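The chain below stands alone and is given as structure tokens, in the form predicted on its own.
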């Protein structure tokens, strides 16, 4: 990569901007505050436990949602296992406890992605995901908010969240290199 080429982080942010997805770079020590700043209503947030050593969900996030709390929630918070810079995509791993409803049913999905899990292109993402998928695991590659124009005008939120926000967790990763 030349010195003038945008870094993967810069390409990721540009791709997200084109999708009208906000991104916030966040240090682990300010994660709770950054999350509170982006959720729609702190009283109605559901999430799945984050598999990162440096941060976890704050106590005000319901990480054991029932069908009723899922239905009432306005924001869902999940970890992303990968980000793809060229497309602004996040990869949401399927989990035994069912992270998919938390990322799909609320108006706002907040994806938490470690900077070190950001890759440049889809080929690299597939190479990294391949072994897990061949073992029978599943994942969703999500690119922006849910949208459809099947019935004419573009409608956001038809099959998933209307809005997406990525919290890019600074973890000293090599995505800028």
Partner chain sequence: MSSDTGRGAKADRIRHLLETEGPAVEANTLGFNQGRYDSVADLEDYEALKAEARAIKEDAIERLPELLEELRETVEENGGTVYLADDAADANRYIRELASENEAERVVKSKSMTSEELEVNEALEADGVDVVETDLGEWVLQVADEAPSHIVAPAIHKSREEIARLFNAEFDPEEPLETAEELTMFAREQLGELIREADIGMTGANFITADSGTIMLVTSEGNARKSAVVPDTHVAVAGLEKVVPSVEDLAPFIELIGRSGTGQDITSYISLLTPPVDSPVVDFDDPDVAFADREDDRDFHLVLIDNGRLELREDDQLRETLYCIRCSACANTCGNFQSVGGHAFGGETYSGGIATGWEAGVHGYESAAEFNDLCTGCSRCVEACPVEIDIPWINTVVRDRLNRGGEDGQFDFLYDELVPDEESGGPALQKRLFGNYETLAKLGSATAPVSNWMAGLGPVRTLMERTVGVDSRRPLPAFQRETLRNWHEKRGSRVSAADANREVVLYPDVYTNYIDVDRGKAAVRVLEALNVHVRVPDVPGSGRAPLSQGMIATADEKASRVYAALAEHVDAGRDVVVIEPSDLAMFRNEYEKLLPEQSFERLSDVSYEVLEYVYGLLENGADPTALRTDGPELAYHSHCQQRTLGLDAYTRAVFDELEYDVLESEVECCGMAGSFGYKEQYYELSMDVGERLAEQFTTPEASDRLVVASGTSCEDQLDDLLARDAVHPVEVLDPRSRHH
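Numbering follows the first chain given and starts at 1. Quantities reported herein were computed from a predicted structural model and do not represent experimental measurements.
As for the form predicted together with its partner chain, it is not shown, yet the points below apply to it.
Visitor: I'd like to check something about residue 9: if you look in the predicted bound form, is any of its heavy atoms closer than or equal to 4.5 Å to a heavy atom of its partner chain?
Guide: It does not: once its partner chain is placed as it appears in the predicted bound form, residue 9 has no heavy atom within 4.5 Å of it.
Visitor: Can you check whether residue 25 is within 4.5 Å of its partner chain in the predicted bound form, heavy atom basis?
Guide: Outside the cut-off, so no.
Visitor: Under a 4.5 Å heavy atom criterion, is residue 95 part of the interface with its partner chain in the predicted bound form?
Guide: The answer is yes: residue 95 has a heavy atom within 4.5 Å of its partner chain.
Visitor: So in the predicted bound form, does residue 56 come within 4.5 Å of its partner chain, heavy atom to heavy atom?
Guide: So residue 56 does not count as contacting its partner chain.
Visitor: What are the residues of 13-48, in order along the chain, with a heavy atom within 4.5 Å of its partner chain in the predicted bound form?
Guide: None of them.
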